[in-house]
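Presented below, as structure tokens, is a lone chain in the form predicted on its own.
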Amino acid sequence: MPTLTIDGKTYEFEPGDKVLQFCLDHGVEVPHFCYHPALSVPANCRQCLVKAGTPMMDRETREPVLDDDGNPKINYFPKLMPSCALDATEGMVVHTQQDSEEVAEAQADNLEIMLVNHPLDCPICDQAGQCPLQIQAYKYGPEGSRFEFEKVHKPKRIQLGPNVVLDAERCINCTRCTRFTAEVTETHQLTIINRGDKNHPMTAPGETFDDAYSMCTTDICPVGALTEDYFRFKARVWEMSKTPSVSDFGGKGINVDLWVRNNEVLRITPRENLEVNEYWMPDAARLVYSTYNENRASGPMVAGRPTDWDAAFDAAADALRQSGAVLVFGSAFGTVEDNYLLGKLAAAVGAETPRYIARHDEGSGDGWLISDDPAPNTQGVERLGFSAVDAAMIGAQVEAADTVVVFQDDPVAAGVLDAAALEGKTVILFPTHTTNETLPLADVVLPVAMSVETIGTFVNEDGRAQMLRPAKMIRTANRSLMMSMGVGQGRPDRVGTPFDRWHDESKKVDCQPGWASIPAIAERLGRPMHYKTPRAVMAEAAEGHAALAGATHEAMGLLGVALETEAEPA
């Protein structure tokens, strides 16, 4: 393979590699602003300059010319080169700012020019603490500014669309946002207007930046020029914890980071996974953040009255023990682990394999990251052998049942059942929200943890198993949740004990993961399910179902694992 040398170290490379991306892939930091691996290369910020050259060749022999020490002489380019657009070639020698004072000075000069008209408003900027310009100015910029005149002023607080706000004074004209709308979503809703030091991104006159992925521009903006409207001035990044997890918005299984302060999800951003969502996520998948905090079902109830968890588990077990026929609803919104244990509970009481409520709506998605299926784990429950509710038969099945168990779903709101159909039945409900229309009909209510509060597995519509990690603390958190959250291990928003920084009991929902509450019921029925952790539950489910083979927590890691077999026939 061809080789190149970077700061004195030799590497092998693939033909076609660009120097900047090669450096980044191999842990060599080169500052940059306009470059993004998913976009075209404009080379307009000039921050990634490097000193580069190729071996001097003898024109007659076509062999490298050697110096007195026997090493090839290097013919350096007459000017510093933007590494983002520079193709790696055989024998090339590259010097970055780490190895060349000339390069370091050029990068510092470039940053000084960028900062001449940049406002000094880091203390009030939402990008502070995660701003590439702020970070690189500190690491590679000049010690101070020599500019003593009034800065150029541009439009501020411009509502480009429903979700994105522009502060044009902060813009450094990297053009990432305009290239995103031109090359990724192809809506062409943003362009650069005006000239010289007056230019900045803007929509066409009378147009609104309502791209379904508009907030992706705030992710790739290297300064605070574009910010998310819903998150403006909510919190500082250093005040929040950032937890890698998987979105429960639809069947695509978008990888996300969940940002939490005071035990509330305040922000959701995409997490890179080239096999699933690359670097992107739709606006709608971010705006679900409030559902994790508001109208949450909290605290168990029996016969409409609050009670403790032991009493609620006793009541649920008594109802199942005394029932002649039991009908169980699983959920494509619940994890594989929870549904697997629900299936075992159904078998323990003599019920059929649980069914789930399918919500797939052909054509409602966009063929990219907005799925036709709003449920995140349809593939997961089908691989457990669950089948969708049959609208023609469900009425008769409910009528024949004495007890109906509904896990993390709402058959009344979904239109699967009328409220009248559940009258006279014992209903055991595992809800997440008080807006659940089946809730008033329930005899036993056992609130269940949502995806941001539990450990578990979703299988996306492409058959990729991915692991959820808890970002919020619940009131009844057990050791598995505490360890997974890293409480006491440096979380910026530690929420584990009354001595921690952001402790607020009112923000903790009184609920339990399904993998904790379902075994508690089974124990009372004399059918114990002994699992130390949800990791053990998933390992057993993967071993017992060929369609889930290989889907262990260890194998999934941060990026998930592709499953080879199809869903099991119901």
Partner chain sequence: MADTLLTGESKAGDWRSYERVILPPVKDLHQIDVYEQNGGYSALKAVVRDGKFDPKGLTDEVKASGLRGRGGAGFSTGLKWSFMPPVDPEKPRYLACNGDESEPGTFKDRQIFEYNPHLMIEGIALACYAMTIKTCYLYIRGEYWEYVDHVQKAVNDAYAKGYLGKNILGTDFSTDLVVQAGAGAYICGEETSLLNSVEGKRAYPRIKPPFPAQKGLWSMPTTINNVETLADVPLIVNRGASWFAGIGSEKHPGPVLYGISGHVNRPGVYEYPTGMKITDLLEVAGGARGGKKIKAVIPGGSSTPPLRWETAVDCTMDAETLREAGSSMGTAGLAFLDETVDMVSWTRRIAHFYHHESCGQCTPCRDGTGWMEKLLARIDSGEGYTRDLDLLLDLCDQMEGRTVCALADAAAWPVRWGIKRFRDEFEAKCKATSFQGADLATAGDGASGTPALVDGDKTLTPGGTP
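Positions refer to the first chain, counted from 1. None of these values were measured; they are calculated from a predicted model.
The protein also exists as the form predicted together with its partner chain; that form is not presented, and the subsequent description refers to it.
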_Considering non-hydrogen atoms and a 4.5 Å limit, does its partner chain approach residue 150 in the predicted bound form?_
yes
*With a 4.5 Å heavy atom cut-off, would you call residue 275 a contact of its partner chain in the predicted bound form?*
no
*Is there any non-hydrogen atom of residue 288 lying within 4.5 Å of its partner chain in the predicted bound form?*
no
*Would you please decide whether residue 324 lies within 4.5 angstroms of its partner chain in the predicted bound form, comparing each non-hydrogen atom pair?*
no
*Which residue among 30, 542, 45, 509 has a heavy atom within 4.5 angstroms of its partner chain in the predicted bound form?*
45
_One residue of 106, 439, 93, 220 in contact with its partner chain, assessed in the predicted bound form (non-hydrogen atom, 4.5 angstroms)_ = 106
*asked:* Using a 4.5 Å heavy atom cut-off, which of 346-354, 111-119, 411-419, 364-372 contacts its partner chain in the predicted bound form?
replied: 111-119
*Which of the residues spanning 193-208 lie within 4.5 Å of its partner chain in the predicted bound form, based on heavy atoms?*
193, 194, 195, 196, 197, 199
